[in-house]
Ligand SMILES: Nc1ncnc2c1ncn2[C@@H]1O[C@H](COP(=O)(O)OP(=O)(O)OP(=O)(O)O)[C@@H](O)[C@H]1O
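Shown below, as structure tokens, is a lone chain in the form predicted on its own; questions about how it binds or moves come after it.
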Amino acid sequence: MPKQEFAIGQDGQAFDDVQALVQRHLLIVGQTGSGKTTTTLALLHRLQELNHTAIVLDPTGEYRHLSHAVRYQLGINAYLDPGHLTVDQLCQALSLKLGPVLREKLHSAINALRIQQNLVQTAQPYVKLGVPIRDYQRQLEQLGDWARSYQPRLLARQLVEEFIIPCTDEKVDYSLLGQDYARQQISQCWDTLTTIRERMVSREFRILFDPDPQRGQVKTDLFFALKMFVSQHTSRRTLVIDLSALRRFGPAQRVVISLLMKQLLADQIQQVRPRPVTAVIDEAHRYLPTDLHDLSTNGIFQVLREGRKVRLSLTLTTQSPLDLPARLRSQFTNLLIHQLTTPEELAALSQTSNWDRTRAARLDPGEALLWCQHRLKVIRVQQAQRC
């Protein structure tokens, strides 16, 4: 791979200190056609030459042909183990709106299915009628992180098993989980149970969780792939996680990206001597929570806030800084600003308070205002030769 400068300044001098650029969080902004994708590809190309670990979360498939990359494509050679999701995250991913009672039942149903898969080793619902409470509690105590997996396609059937009650005559035995079904409650929740059943056979569900693996077809859990890539150094390689199969399922994409960012942060924290890692997310504003009250629990925001402590930086691209919440914009130290059309967009970035705010509107495609190490210069990014 021949060496190639990242960019050339207006003064004719090369700018090639991309490691300083990604050592802190980097925001790449600019309207469509201004050069954001070219800049990101050139950046990844130089990071590969420098053996710097980069992980691209690709929601659109834009980077599927990036050279020298390890690729995992959700729904093709990768899946998500549902055991990584909380009840709330599962509901968000599958657009399920459940009340408090059903959420609690869903939590119990997941634990029951974890017992079935990991302890009993059967792909059947856990029938709780007549089961001693003591025996069930003993099984719950045996569950650990090693036993997170379960069969999500059984959730609708398992939820019915959660609606059990003691019998109502003299044969009642309160030492058992239950002796009869609460048929009236089941009837009242039947529409919701039907919706859950339908979600479990949807295309979105099949893409996410790979419920029916085909013989001879090998798929990798994305969390495992991420962990292995961070812990095992590979020369001039970039990890691309292609999530484009979920393009029509915005809530699912948001949940998956948030989860992967949290996992990446956790993986870096676990490393005794973490290597520098740069995560890249294109058009990131699409994958932030719609309710800003949820921002603090989002994986993107958590990496922005905590990542630099463990040598994890984030590079985000977006068309306008106004698309990002102010709390999130304030986390970026370095900027690459392609053409912006309004002064308000530039003013939204705290670092630009003393800039000539007309300059961003006059930039040609491929040109950018670079703010790095408290210095401002105009550059032209060099198109990557082999990306």
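The first residue of the sequence shown is number 1, and the count goes up from there. Small disclaimer: the values here were computed from a predicted structure and weren't measured.
Keep in mind that the form predicted in complex with the ligand is not shown, yet the notes after this line are about it.
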| item | value |
| --- | --- |
| Option from 321-329, 26-34, 348-356, 64-72 whose residues, in the predicted complex, bring a heavy atom within 4.5 Å of the ligand | 26-34 |
| Selected contact from Asp88, Asp221, Glu283, Glu204, since only one has a non-hydrogen atom within 4.5 angstroms of the ligand in the predicted complex | Glu283 |
| Close approach of Thr38 to the ligand in the predicted complex, 4.5 Å, heavy atom | yes |
| Partner proximity in the predicted complex: Gln383 to the ligand, non-hydrogen atom cutoff 4.5 Å | yes |
